[in-house]
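Here's a solo chain for you in structure tokens, the form predicted on its own.
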Amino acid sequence: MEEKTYVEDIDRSLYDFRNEDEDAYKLDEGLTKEIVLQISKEKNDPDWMRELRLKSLDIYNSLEMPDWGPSIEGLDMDHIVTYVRKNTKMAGDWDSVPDEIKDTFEKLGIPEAERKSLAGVGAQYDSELVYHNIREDVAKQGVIYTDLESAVHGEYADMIQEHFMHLVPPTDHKFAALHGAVWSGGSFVYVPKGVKVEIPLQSYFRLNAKGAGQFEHTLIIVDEGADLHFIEGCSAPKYNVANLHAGCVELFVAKNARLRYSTIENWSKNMYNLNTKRAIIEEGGKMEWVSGSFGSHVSYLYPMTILKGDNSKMEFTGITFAGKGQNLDTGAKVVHMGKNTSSYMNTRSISKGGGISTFRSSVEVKKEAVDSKVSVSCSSLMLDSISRSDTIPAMDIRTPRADVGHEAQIGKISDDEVFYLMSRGMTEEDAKALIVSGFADNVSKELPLEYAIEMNNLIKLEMKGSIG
């Protein structure tokens, strides 16, 4: 039987098609108090949110740019548009989405994926959600899946105010403050006690405007004993000017609950991806991260997990592919606070065509986190002599009663393996792509079938150098 995939044709046009709206509503470039207040007016913010935006702007102006990691000198906030929206309202019915937007998402497999294998879908186009829907049977379980802006004004307003930017405060770093000032769009999910959502929810983000930023906020609360898999997809066409993604993800996992958060990012290679993701896990809870990063010019991406409760767990599985002109600085952070907590990081990075891939791991074990277990494993594959791969571990262990391990290895494709596959009829290009796909298998096997196929096809595209 022929496999159906979101990547139907392996060609550039699928990921680089443009559909910029000349008549879309845009604010001026740059970041001023007037722009922040205009965004707040557009959103009809409650007082507390408007005050948070203005406080975040003050913090942003007081903080310096990061002085570590890849250079972001090419990012000039004076030339970034922080708010762009299509002249349409969010729809709950796919047929009501404007044709030009619908065409963009249909090329990326939305809403076909929803019909086949998802419990619900949110689709964001530039700064606004254009579509949001949840299956009736899932809604009957009491699961809330809605756009965050509606939740701010609705019956969940108190819950939003209690959790919004509490895990990632504006003081965290300069781009968290930027996010707090200009955030727009994103999703809110609440899974009630004991409810297990059998199939994933998904949000898809498309930044289509030239020279713009996207600042969506995702807030997920998984209550006691509940279970959820949430999938995030990202893409953008390539322009010859810088675009910016500075979203924020805050995840709250209650006692004995489980959350899997999967991401497939295929931003264009003019994108600065400065995203912040953080989770806090209560007693007996489990957080699973699955991450595939294939696009952007520069990435700063280090999902952080706080293992607050005793016996809580975290697993992080990631793959990064850095091609020509890309400097991808990725990794994961974990803080062990509870007793008998455990964390496991297993990553793969691939660099080609002069691309730079850096894996940073940060592990902190508090003195009260006795009997904690930590394992960090990073493997890198360089496909030529002009690429680069680095591993930068940091560990702060404050108790002798902890089991901590770290290993890293760097290699290249074996000529013998390539020769063997070519002797069986494969081209050199296909042989190398197959070996790389096998190298990335630790991530693909953690994804639903359709997404694993998509990821493998993205690897093939990168191997051919046909994106960006």
Partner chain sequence: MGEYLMEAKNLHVSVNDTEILHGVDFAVNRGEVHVLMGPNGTGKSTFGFALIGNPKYDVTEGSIIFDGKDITEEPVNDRAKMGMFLSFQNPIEVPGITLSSFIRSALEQKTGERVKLWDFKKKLKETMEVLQMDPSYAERDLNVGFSGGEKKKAEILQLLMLEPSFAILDETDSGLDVDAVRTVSAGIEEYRKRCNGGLLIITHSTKILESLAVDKVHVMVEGKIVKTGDYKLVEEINNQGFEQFES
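Keep in mind the model is a prediction, meaning the values are calculated, not measured. Numbering follows the first chain given and starts at 1.
The same protein also has a form predicted together with the partner chain, omitted here; what follows describes it.
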| item | value |
| --- | --- |
| Heavy atom contact within 4.5 Å of the partner chain in the predicted complex, the stretch among 423-431, 60-68, 33-41, 401-409 | 423-431 |
| Heavy atom of Trp48 within 4.5 Å of the partner chain in the predicted complex | no |
| 4.5 Å heavy atom contact, Asp28 to the partner chain in the predicted complex | no |
